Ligand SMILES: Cc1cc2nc3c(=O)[nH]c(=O)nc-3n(C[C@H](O)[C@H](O)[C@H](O)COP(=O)(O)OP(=O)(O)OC[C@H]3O[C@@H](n4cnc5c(N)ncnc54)[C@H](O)[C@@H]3O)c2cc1C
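In structure tokens, one chain follows: the form predicted on its own.
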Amino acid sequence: MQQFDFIIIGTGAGGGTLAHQLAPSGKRILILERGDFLPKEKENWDPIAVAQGRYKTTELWRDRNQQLFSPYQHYWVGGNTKMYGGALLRLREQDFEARPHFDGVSPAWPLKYADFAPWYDQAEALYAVHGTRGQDPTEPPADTDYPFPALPFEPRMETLATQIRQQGYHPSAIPLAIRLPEDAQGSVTDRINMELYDGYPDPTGAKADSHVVGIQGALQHPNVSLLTNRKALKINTDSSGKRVESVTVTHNGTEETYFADTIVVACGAVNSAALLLNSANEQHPNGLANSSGLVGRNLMVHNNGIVLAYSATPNPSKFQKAILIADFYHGAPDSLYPLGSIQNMGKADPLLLIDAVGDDMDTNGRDMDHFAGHIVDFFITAEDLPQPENRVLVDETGEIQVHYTANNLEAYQRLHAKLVQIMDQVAEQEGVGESTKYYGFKLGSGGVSHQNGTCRFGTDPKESVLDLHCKAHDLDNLYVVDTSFFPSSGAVNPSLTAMANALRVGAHLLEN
């Protein structure tokens, strides 16, 4: 039997970053990943292949009505970061405090922004974040500049930013995880096909995901091993039930078991909760780490939506993931409560526009190439609140059920209206003589790319699953290091906070 010091289950933002942090220690580290390496192939940049789910799991989950649905979930080395848009934003200081919202109060975190700030600095450096401090009025304080300057906006985005600024708002550059050759930093012309960066796998390695940064970095050390195509079935405890000792996985139809002194779960908020629940045993009949009954509860996925703003003004931008509008993050003159954030997203491909907007597009004889060349694509995010009934369950076969009902929708609706107001005003500023038309949709329960909250951390074992170092209250050597630990979701992409927390927890593990 081979004994490891650490087993890390999962290679996404949390697991991949933790592996990178622990690797130089010389400790014997085994990384288990249920997927394989995502192949480098021409379909990586094929909009139809990607949209049809070539890289998405074929696994189906059930909702609260027992209806099957297909989650936006990716099982590859690098996890969901293989397909993410690389927007790495910090939670705001106020996100760590109790905050009233339209549908209730978002709870305070047991640690505050200042506790995470140095780890945010390290995570931004590790993931080569390009950005500019001081443009966003809601950004939290930082002691350092971004590691690299923000990518310059293309002409249409620069004009749009100026027009938004003239309305009294503060458009800023989205902080992006992107690795460019040193002589090409900030160069528009040398972005290697990066128009297919957002929502696509990147075979060039320019996108700084947790595979090319975390796992590849960790595997440079001979003490680190990675086994792919190993789906974790359960975590086993010793006879006392106070310590975990091994992980049982399935590989090519057979079961294998691996042993370690410390086991870290980093499967993503849904799958981490499912694994703990599936690991129930005599000492832990309701699942591991679940004496509080909170494992799987308080699932949050954000109120996310896509807004496609069509105007008569052409938009020839190639790399459109540019502008962040955070002016409404904490509220608005006509809203006492937080609304959220607005970001550009990657350009919609003409071949996919009909699927994206449905049958309500008024083409007026124009083809999809015309529409794609005039649309500005936005992604809006409003906070959803933790509710115990929004939860992850497993059935008797171990399959996943996600019971989720959206909440705090007024914030989302108001944020959508703010974006429409801004773009309507842009049309007036341009004097194009044609009103802007809006298409798009709100993501449903399958849109779990921002999943978090199923194993919240805290000081009270009755009110939380994990302690302040993300160790399970109930077990001496079991940790959960992904977005599961979030007590609340904020309204920015959760990846950077997961990375920063993994670095924080990794430092604690090495000290102890």
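Keep in mind the model is a prediction, meaning the values are calculated, not measured. Residue indices: 1-based, along the sequence shown.
One more form of this protein, predicted in complex with the named molecule, exists but is not displayed; see below.
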Heavy atom within 4.5 Å of the named molecule in the predicted bound form, from candidates 338, 268, 214, 296, belongs to 268
With a cut-off of 4.5 Å between heavy atoms, is residue 347 one of the residues that contacts the named molecule in the predicted bound form?
no
Spell out, yes or no, whether the shortest heavy atom distance between residue 10 and the named molecule in the predicted bound form is within 4.5 Å.
yes
Quick one: is residue 483 in contact with the named molecule in the predicted bound form, heavy atoms, 4.5 Å cut-off?
yes
Please run the contact check for residue 471 against the named molecule in the predicted bound form: heavy atoms, 4.5 angstroms, yes or no?
no
Taking the named molecule in the predicted bound form, would 33, 86 and 231 all count as contacting it (heavy atom within 4.5 Å)?
yes
So if I measure heavy atom distances to the named molecule in the predicted bound form, which of the stretches 104-112, 312-320, 71-79, 410-418 falls within 4.5 Å?
71-79
Residues within 4.5 Å of the named molecule in the predicted bound form, restricted to 448-473 and counted by heavy atom:
449, 450
